[in-house]
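Coming up is one lone chain in structure tokens, specifically the form predicted alone.
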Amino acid sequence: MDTLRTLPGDDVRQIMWRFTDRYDIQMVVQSARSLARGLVARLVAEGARKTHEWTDHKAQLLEAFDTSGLTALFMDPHQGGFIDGPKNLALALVAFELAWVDAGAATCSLATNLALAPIHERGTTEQRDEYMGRCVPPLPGEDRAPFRGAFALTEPLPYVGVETNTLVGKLRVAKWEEGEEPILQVDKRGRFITGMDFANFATCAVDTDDPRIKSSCIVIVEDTDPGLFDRGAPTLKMVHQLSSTRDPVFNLQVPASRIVGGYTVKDGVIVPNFTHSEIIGAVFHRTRVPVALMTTAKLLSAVEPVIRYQRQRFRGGDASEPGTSKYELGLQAKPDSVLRLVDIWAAGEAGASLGFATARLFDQLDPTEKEKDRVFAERGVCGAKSQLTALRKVEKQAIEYLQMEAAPTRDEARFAELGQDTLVRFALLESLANILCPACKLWNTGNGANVMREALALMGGYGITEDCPGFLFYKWTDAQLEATYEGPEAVQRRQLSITMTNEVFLARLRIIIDQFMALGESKPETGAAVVAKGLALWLWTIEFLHRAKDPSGARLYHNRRQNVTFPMADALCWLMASYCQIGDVMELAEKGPENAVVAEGLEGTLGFFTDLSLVQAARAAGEASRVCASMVYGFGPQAAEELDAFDALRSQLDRSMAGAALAKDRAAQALTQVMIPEALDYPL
């Protein structure tokens, strides 16, 4: 039987992550990779991370981002960009490539995009074109420097259990002459703001401190506005040192037209068209995905350095002569080293599958969301709460569409009617995005940081030295910060605890379970049946928790019972990551034979990835089973028939894992034979 010959190349990844037909994205990936393994790697190797200050050494990154095209990636062609349409997958791939070497550089690259994101998502057309146009690098003959930005939030986030009135940044009317545009006073102290050393503008979340302004909003401030634009002291962070981070202070006067999304005046009061929470919700809906993939890149980038270390561990010693097992295989002569590396690789593949699936989903969601907003505007449905109420009314149609899509026969006319309904399409996409987005941010970074520690441990003492190949120690420490970016882990768990009980999502989940059960019967080696059983157990447990009570009579599934809701959110993340991973393996199986490069050696590559998917499925199902058991048995006695039903499902799940250990053995054996380059393609 053929086995994995080489580490997977671009042709394999383009199929699995679905950008084979996107030449523009392939070029962006090559640009990011060249920059990462060139300038970024040199900066790390030369010690640029050893200071909190933003130095000329680090500032080379900005020019490199400009010349490589990464700065303009976020913009549309008419604003100076070069990719038309949604760019979530492109941005995710860039973050992945840069973080393959250093995630601080990736964060630095994304800083201005994050500052522009509120303007991009909710800004007026004039605001979008002005600021995004100013942020692209100058064309030949233009005498200007590119504008750069920072996003100043730092307060607790809405929609996650805290109140929006905890915003400390304030907005007041400074001057408002009859018939003139109001001038606003912005007072804001930022904390841990990325990009402040070189920011020309900042998008600041502020609350109203004036009865003449109705609500919170996000306002744009510039370094040339009258008042104080103090970049503040460098944040003494111990990770991501290739990005600029400071604690700025703003005390500025700006025209009211800087309110993101615009405003109206009603009865002498300035009414922002969007509150800051409405804007942030749209922004973080998307920007969490690249951060999630930063940690995933670390895991997959660790594979090659660890293999190299394991094989060369004993070379140079008297007992290690060329041709001997110790010389050729080193630590890989013993199974434990490669078995543990299989776990790291499998987790990395699952994280990549989950993250890139989410990015692709947002590429579908973006135009649908704009169309949804247009439909609501025509119908006079304004404001987040009104839209939410209106969308709940289409949930039944969305579920009807899902069921018809999965049915062997259906009313085609009705199916087409539902499929063409903008609100139905939006409800379908958003219900899944509301799961995958927090799931990848939570699981990829949180679990990824733990797995990265395992990768470091496989390097022995070498792992914590500065000459450890692949900068693995830096990657492990950086991962701790990525778990907190854009809201700590509790934020993601809080969102999941709400969205994972959405009826549209649960309807989709039931269909996924049926589909994966069928796949598991035809291709048991993929682990599809394991994931299906795991999801079935999770779903049963959710339904049980909604009807069960503890000895005091209190319901088990309740908003405030985070020792119930949060573990169930964690369990779902494991399973969804494995679900996406199997989807990528099936895509490779279907499309691989069509690619001449991939087709050669496909059997071995596909067999290896299939084994990884079964290994990860068994791990994910095991985690979900443990969590579900702790929920069912952990809150006091329950009815015997409930426990019998749970035990039956859990037993089925256990039996579905048959063969997972053998798959791990095969994958480990493959790691002892796979060819790797003579040296890493970036410095030690």
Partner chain sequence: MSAGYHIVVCGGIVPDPLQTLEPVQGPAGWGLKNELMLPAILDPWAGHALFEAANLAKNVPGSKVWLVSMGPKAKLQQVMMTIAQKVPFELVVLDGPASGFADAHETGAALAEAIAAIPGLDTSKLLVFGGWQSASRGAGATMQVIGEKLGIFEQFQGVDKLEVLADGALRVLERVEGGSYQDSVVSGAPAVFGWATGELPEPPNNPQVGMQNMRLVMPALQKAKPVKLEKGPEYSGVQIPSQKRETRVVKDAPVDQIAKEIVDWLSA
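Residue numbers count along the first chain shown, from 1. These numbers come from a predicted model, not from an experiment.
The following text describes the form predicted together with the partner chain, which does not appear among the structures shown.
- With the partner omitted here, the residue from 241, 541, 353, 605 that has a non-hydrogen atom within 4.5 angstroms of the partner chain in the model of the complex is 605.
- Proximity to the partner chain in the model of the complex, defined as a heavy atom within 4.5 Å, singles out one entry of 67, 638, 51, 60, which is 67.
- Contact with the partner chain in the model of the complex, judged as any non-hydrogen atom within 4.5 angstroms, is confined among 434 to 442, 592 to 600, 480 to 488, 119 to 127 to 592 to 600.
- In the model of the complex, the partner chain sits within 4.5 Å of a heavy atom of residue 31.
- A residue is said to contact a partner when one of its heavy atoms sits within 4.5 Å of a partner heavy atom; residue 658 fails this definition for the partner chain in the model of the complex, lying far away.
- Contact check for residue 10: a heavy atom falls within 4.5 Å of the partner chain in the model of the complex.
- The partner chain in the model of the complex is approached by residue 676, whose closest heavy atom lies within 4.5 angstroms of it.
- Contacts with the partner chain in the model of the complex, taken as any heavy atom within 4.5 Å, map to no residue of 484 to 510.
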